[in-house]
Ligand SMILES: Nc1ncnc2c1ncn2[C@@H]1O[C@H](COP(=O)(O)OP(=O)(O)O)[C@@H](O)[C@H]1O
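Single chain ahead, by itself, as structure tokens, in the form predicted alone.
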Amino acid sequence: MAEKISAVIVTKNKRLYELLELCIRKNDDFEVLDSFSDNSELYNTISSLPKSVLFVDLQDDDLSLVENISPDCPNCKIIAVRENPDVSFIVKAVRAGAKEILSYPIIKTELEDILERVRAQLCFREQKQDKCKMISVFSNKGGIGKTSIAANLALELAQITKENVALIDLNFQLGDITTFMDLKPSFDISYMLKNSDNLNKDFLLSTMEKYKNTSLYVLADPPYFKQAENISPKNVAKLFEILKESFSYIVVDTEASFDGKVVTALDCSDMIFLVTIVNLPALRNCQRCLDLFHKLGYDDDKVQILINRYMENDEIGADDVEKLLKKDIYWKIPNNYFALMASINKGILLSELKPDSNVALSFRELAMHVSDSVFRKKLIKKFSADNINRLDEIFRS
């Protein structure tokens, strides 16, 4: 039997404590720990636990406990509880390190959904990641090339590794994956989740749209806004759990927001490509994302900076970006407006339309770096970027 997740409740409201305790004890994956004499004892206990969830009553706006525990206890998910929380409070609580916001009076289904998300997030942390690698392409700013990066990276991974790769369009409002790849899928993510009881490898491979004669499978966004409203973070967590059993790589094109579904995808990911371009507004947004990811407990290695549309002679150089963000740049996609626009307008990805362009070569080399094959990593070190076509011939043979 799997080790239970320890639940700690901090509140002076006796009725609130009893309700939380009653609901949590009904879930076999959790156990409620006794109250602590002071915050020091609480901190020492939580920091020693492999998996925990902390419910904090924040009626008095005192965020100090959240701020102290969040950075030092990445395996503790903090739930802020408040009566009728407003937007201002939610922003402050999340920045302090709260993972979820639970409104009071408590709605049973809302609490159950939160417990399920916490369970999924903590269990994903424990899983060995040698079977599947999940990569989310994220930015909280639109129009900087997330979809192009996700689509081209996914195709290059499929072509290089010859293994099954899933490309998921998690932009439920304005998804563009199918447009970029000129696909008209028969099924979408809402259909998949409606049939969640049937989800297995055979069902996935027969339902997801296969891209031409490759091993890339695409799961499109819902065609209607109303369908997206019925998709919950719990549904998303379950979908990724099953996808990880069936694919060697999962690439997710996320929405430019921090809603529950997107955060669930980020939690489940092994790597997050935080995409930015080199201008001050975009870099400022990137700074804010890095700060929030730190509050969410993500490791530094999990979040990697990817610069899109990079030009060597930009007024702001790569060194300036690294100093500003206090983090190394993982990858730079060169700027090639004409190649990229031709690819988008024709609905043909770069490796097919302009395989020798600098931007296509960059995507190919990025896919090799992301690939978890030791053999490929050795080849990357052995060959320079000038010999990338030779590598491509080796992998396609």
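In this text, all values refer to a predicted model and were calculated from it rather than measured experimentally. Numbering starts at 1 and follows the sequence shown.
Beyond the structure shown, there is the form predicted in complex with the named molecule, which is absent from this document and is the topic of what follows.
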Query - Among the candidates P281, G142, P74, G317, the residue which, in the predicted bound form, approaches the named molecule to within 4.5 Å (heavy atoms) - result: G142
Query - Residue among S148, S136, N164, Q121 with a heavy atom within 4.5 Å of the named molecule in the predicted bound form - result: S148
Requested in this report: Indicate whether the named molecule has at least one heavy atom within 4.5 Å of a heavy atom of V53 in the predicted bound form.
Outcome: no
Query raised in the report: Even though the named molecule is not shown here, does L361 get within 4.5 Å of it in the predicted bound form, heavy atoms only?
Result: no
Query - Touches the named molecule in the predicted bound form: F180 (any heavy atom, 4.5 Å) - result: yes
Query - 4.5 angstroms heavy atom contact with the named molecule in the predicted bound form for N335 - result: yes
**Report entry** Stretch in contact in the predicted bound form with the named molecule, which is absent here, among 85-93, 238-246, 285-293, 308-316 (heavy atoms within 4.5 Å)
**Finding:** 308-316
Query - Members of 340-354 lying within 4.5 angstroms of the named molecule, judged by heavy atom, in the predicted bound form - result: L340, M341, I344
